[in-house]
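What follows is one chain in structure tokens, specifically the form predicted alone.
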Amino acid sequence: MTSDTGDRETNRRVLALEAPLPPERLAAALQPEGEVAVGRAVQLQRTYLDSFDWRVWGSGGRLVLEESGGRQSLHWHPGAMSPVTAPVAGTVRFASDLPAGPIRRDLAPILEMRALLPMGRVALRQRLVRVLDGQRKTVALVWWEERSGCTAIRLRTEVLTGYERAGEAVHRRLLALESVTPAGESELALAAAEHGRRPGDYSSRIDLELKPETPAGEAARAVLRRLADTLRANVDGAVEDLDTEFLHDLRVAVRRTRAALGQLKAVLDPEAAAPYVEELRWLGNATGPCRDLDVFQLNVEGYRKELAPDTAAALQPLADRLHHMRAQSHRELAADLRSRRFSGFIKRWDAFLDSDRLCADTATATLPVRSVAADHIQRAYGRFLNRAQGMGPQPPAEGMHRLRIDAKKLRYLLEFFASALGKSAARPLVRELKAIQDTLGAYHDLHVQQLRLQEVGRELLTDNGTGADTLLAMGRLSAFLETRQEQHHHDFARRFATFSDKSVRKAVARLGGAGERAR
């Protein structure tokens, strides 16, 4: 058992009893602290809600849905702050479904577009034991909880504001009881384990711990295996359409894998990898249309909030058409992800990653990953600089798109091998590059959206039910997108000036321990 540092799932102290202890015996043990009142038994189900990537848990908080007697209530435990409880009706999936007030205010920026999913459930019998002072005021609470199918009992002691001394005395007395120990694993961890999960078990980040002397071939295998795990983890969520981030993370895993295969040809066997490069290209094309529509739909919601109310209202037919197009695109995506082609690719890809054919039979694969990674990053950085400097003041959209791809490849290499290069050296470069990539990505998305707007406009023009106000509003939206795109172009120019200065060039040159030489 761990030391009594408190259970992170609430702001209450949590104790575990190794043997059954009836509430009446508990009450008798607390008598020296004051009058004790034992409430009636309540049957309830406690469901821990979080996003697939554990954003609530990562914030230090817990969100719990409790159901008892046909009623539901949400319990938000924001770290060390006081918990908040609110009744709810119906299903809670997104931040917009949360009760208005502090729960939604706190969780909306944490969840963003991610759905709340049941990460673990606990059925239990609960009784409230109250400790009262001489004036019959409650000075401490003890929640007695017995999980279904489990002989162990948990006690939750709650220290009330203004009665801290009494609450601490109750807690100490409980600790002095025979068979009472501080809780080990949190209830969340125990509940999640029954669903095959554990808090923090998924992240889209590449969190590998590679030693600088690790052979480059071994490091490349670890990177590709990590990406394969991420891809596979998001398939079901993308098919079931739980939220848009499943498809986003799946696509990023595909892009990163394609970038790794393309950038590490000296380490990997390009001939053996060629069939998988083709399948990954197919998968990238299969997932692209639905993701583009996801982004456009989300952005249109934001654009309508920025435009004049009459323009926003007139754009409803556009929103409806995008919703229809996205639904059709998702059906096609789901069919691809359920297809024999996809399942066969995953099976062959897993086997290939475990095989001896993955790495090239060259000296490069046996070199320390730090030197190999630094060399590839320096080359990628040089290509990025050369392309950006050669585009001119008014680059075409295709040129900006190519630059965006170069930025992604460079960032991915830095992320793959950050631990081997030294995270303190790689992270500032990744942070700057991410800002550049976000700007280039927004620029590209706006270009794609303008083309899509023209396409939808032509379709709506042939629809007799579309009014002139909608077409005019779409024209105003197109001009709005063009202005926003120009802003992102200026933002890129500013960020690139910083990312291409001498200090950054020196930092890139030093990644492999090559001294102060600037490229």
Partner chain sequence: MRVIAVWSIKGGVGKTTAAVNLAALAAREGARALLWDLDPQGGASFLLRVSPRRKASPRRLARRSVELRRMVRATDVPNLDLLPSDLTYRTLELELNARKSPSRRLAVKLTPLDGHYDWVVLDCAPSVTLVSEAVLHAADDLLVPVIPSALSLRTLEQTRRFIAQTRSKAVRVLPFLSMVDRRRRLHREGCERFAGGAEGFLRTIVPMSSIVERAAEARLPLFAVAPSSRATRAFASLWQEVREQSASPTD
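What you see is a predicted model, and the numbers here were worked out from it, not measured in a lab. Numbering follows the first chain given and starts at 1.
What follows is about the form predicted in complex with the partner chain, which we do not show.
Asks: Looking in the predicted complex, any heavy atom of R304 within 4.5 Å of the partner chain?
Replies: Taking the distances in the predicted complex, the answer for R304 is no, it never comes within 4.5 Å of the partner chain.
Asks: Using a 4.5 angstroms cut-off on non-hydrogen atoms, would A351 count as touching the partner chain in the predicted complex?
Replies: Because no heavy atom of A351 falls inside 4.5 Å of the partner chain in the predicted complex, the answer is no.
Asks: Would G162 sit within 4.5 Å of the partner chain in the predicted complex, counting heavy atoms only?
Replies: It does: once the partner chain is placed as it appears in the predicted complex, G162 has a heavy atom within 4.5 Å of it.
Asks: Would you classify A108 as touching the partner chain in the predicted complex, given a 4.5 Å non-hydrogen atom cut-off?
Replies: Contact with the partner chain, no.
Asks: With the partner absent here, would R221, G237 and G262 each sit within 4.5 Å of the partner chain in the predicted complex, counting heavy atoms only?
Replies: No.
Asks: Taking the partner as it appears in the predicted complex, which of 95-103, 319-327, 227-235, 208-216 has residues with heavy atoms within 4.5 Å of the partner chain?
Replies: Of the options, only 95-103 has residues within 4.5 Å of the partner.
Asks: Just to confirm, with a 4.5 Å cut-off on non-hydrogen atoms, which of S355, T181, T91, S82 contacts the partner chain in the predicted complex?
Replies: Only one option qualifies, and that one is S82.
Asks: Let me know the one among P78, G441, P368, P289 whose heavy atoms come within 4.5 Å of the partner chain in the predicted complex, would you?
Replies: Result of the distance check: P78.
Asks: Can you tell me which residues in 134-162 come within 4.5 angstroms of the partner chain in the predicted complex, by heavy atoms?
Replies: In sequence order, Q135, R136, K137, T138, L160, T161, G162 come within 4.5 Å of the partner.
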